[in-house]
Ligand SMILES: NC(=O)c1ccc[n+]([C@@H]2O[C@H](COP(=O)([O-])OP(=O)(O)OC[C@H]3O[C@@H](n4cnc5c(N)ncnc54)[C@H](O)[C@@H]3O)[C@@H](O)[C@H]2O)c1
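In structure tokens, one chain follows: the form predicted on its own.
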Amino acid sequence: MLHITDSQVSELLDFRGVTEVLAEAFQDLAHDKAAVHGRQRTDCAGMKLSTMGGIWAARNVAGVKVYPTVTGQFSFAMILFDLSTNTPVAVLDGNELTRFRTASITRMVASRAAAPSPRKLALFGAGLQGRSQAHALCEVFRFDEICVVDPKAEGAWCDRLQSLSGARVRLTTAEKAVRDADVVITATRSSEPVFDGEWLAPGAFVAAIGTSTPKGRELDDTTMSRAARIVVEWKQQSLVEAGEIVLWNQRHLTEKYVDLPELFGGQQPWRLEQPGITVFKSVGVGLADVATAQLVLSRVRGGWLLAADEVTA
């Protein structure tokens, strides 16, 4: 088997390419040419071991991502199988893989479901994933203003983002960030809501990607209640994992949920006919990891890596 490191994955991937392959995978999921292997978690002595994966039959590939959680920190690895030969073909370090697929799935949904030509982005969390979310979105949207909410945000990174995007980037309060924002991204580790849903503009697109446990949430009940639509990756997993949904459903019943197979299958339109708040709640699904890993492997085989940076057999 090949071993592909995080540094090699970073060299091989780009947000546009990952976004495109994710769309292909979810299109096939909608037409029974792919399947999700739901996340499994095992707890012991304050530590966790989790697995998630999928089968992409249209590409003859399957895979499983495995990761322990120790003192709140993750470490990811991915094993990929070639189904045409029924053999394992690669092990990939999974940290960069996860970073790219998470930001790219937000980009994929936002580019289809958010209002066209958004001008203001509110970003909660300027850590590794928050920065990736901003970079992925700035490749497809031309924002005038980006408001960052994070007491630990680096001013130097804000300056670089301003230079890269052409938008005015500034650190600000939660309320000032959310007011009049067209797109709101939450990429924090908070287990409590990070803003008041009353502040949201009537047609805002909100993506919450920071938590994937039923006991934590970045969005409050007001945001969920005001949303005209709540988009999730895959209902079977999202409706039991997403704290925003699980905790809200203790008091509310709703028919507002739609998942990516329904959208890619044409059962639901991507954009609402009447302006309204759209919430995208991402918890991560294994098929996205398989699709991203398959893209990495195809680029390795296509000679994308520098000669001096070959994978280990």
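Since this is a predicted model, take the numbers as computed values, not measurements. Residue positions are given as counts along the sequence shown, with the first one as 1.
Beyond the structure shown, there is the form predicted in complex with the ligand, which is absent from this document and is the topic of what follows.
Looking at 277 to 285, 264 to 272, 23 to 31, 240 to 248, the stretch with residues near the ligand in the predicted complex, meaning non-hydrogen atoms within 4.5 angstroms, turns out to be 277 to 285.
The ligand in the predicted complex comes within 4.5 Å of a heavy atom belonging to K152. Put simply, S165 is far from the ligand in the predicted complex: not one heavy atom of it is within 4.5 Å. The ligand in the predicted complex comes within 4.5 Å of no heavy atom belonging to S111. Residue contact with the ligand in the predicted complex: T222 places no heavy atom within 4.5 Å of it. Out of the listed residues A228, A115, L128, A77, L128 is the one that sits within 4.5 Å of the ligand in the predicted complex by at least one heavy atom. Taking the partner from elsewhere, every residue among T98, T102 and I209 has a non-hydrogen atom within 4.5 angstroms of the ligand in the predicted complex. Residues are counted as partner-facing when one of their heavy atoms sits within 4.5 Å of the ligand in the predicted complex; in 31 to 54 not one qualifies.
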